[in-house]
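The chain that follows stands alone, in the form predicted on its own, written as structure tokens.
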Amino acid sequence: MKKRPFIIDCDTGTDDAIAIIAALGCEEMEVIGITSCSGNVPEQTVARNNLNLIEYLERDIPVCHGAWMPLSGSGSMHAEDHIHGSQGLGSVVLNDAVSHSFDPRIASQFIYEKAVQYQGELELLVTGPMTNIAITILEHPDFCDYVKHLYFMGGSAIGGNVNTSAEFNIWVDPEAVHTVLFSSVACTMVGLDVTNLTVMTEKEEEILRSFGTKEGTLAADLMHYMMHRENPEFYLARMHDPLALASAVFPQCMKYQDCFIDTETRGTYTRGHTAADLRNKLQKEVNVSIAMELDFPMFRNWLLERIQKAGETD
């Protein structure tokens, strides 16, 4: 089987880490790089998490530093500590990498060079703010010609989690999202309204531990933290980012609708809102395919299998 080359651009993050683990168990994918962006935690912490994770899992994947503030230059914005923990991985502490080091290229340079190298076959999985992708587009006008597809966790057809209508990843840098949506890159959006349905329980944690692998145990530890956070509002272990991964390699677990989307960059109360024209009232060209419905049992089984498979490749 010819593997599909992917770069994972992320703000790791508990569920980002689980998505990375699951990606390593996807036989269809070849993860050729991981790029870091400020989001769940500051970029320096994200990058360290990514490098430590790759060393812990004994993989040889380039890890790059990336954007530490949004395009607007309004300063680094990241989630509150009680969501992902002060270091991003909840209560999990990984040893500092000693045999792996950062790729010397900044994220936008790395992404562009790989896009050119793979001549239109490169795909992107974005599980954090879209800053690195927007910078790459702005720095390299021909970049979009070399990208096959972009799958992202962010936005919501209905509702939000930061303000009345904005999801966190979009809210952090809506200008970047606008830049991406109005480029020629084909996009699939997996939004909060669908990812909120991906609730894992102690049963899934137990199954992951039964694998007896470092991949399964780490995913279980991350889920356990998510189910026992200090703030009871965030007790649920929702697999936001792994569902975005599923849209790329297991799309049959969801139903989609193609439509025009833009993001609000100026609203006093709605900055970061993803305006999805689901009824085609604006009569504008479609630019995104949106996940609208989820077969949760199908997704759940797939995710557990991918994490199990990741451990089998050690």
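Residue numbers here begin at 1 and follow the sequence given. Note that this is a predicted model, so its numbers are computed, not measured.
Quick note: we don't show the form predicted together with beta-D-ribofuranose (BDR), though the next part is all about it.
- Partner contacts here mean any heavy atom within 4.5 Å of beta-D-ribofuranose (BDR) in the model of the complex, and among 177 to 185, 135 to 143, 153 to 161, 215 to 223 they occur only in 153 to 161.
- In summary, among the residues L192, L89, A115, A237, the only one with a non-hydrogen atom within 4.5 Å of beta-D-ribofuranose (BDR) in the model of the complex is L192.
- F110 falls outside the set of residues with a heavy atom inside 4.5 Å of beta-D-ribofuranose (BDR) in the model of the complex.
- Taking non-hydrogen atoms only, D16 approaches beta-D-ribofuranose (BDR) to within 4.5 angstroms in the model of the complex.
- T127 belongs to the set of residues with a heavy atom inside 4.5 Å of beta-D-ribofuranose (BDR) in the model of the complex.
- Contact annotation: T263 falls outside 4.5 Å of beta-D-ribofuranose (BDR) in the model of the complex, judged by heavy atom distances.
- Residues are counted as partner-facing when one of their heavy atoms sits within 4.5 Å of beta-D-ribofuranose (BDR) in the model of the complex; in 261 to 296 not one qualifies.
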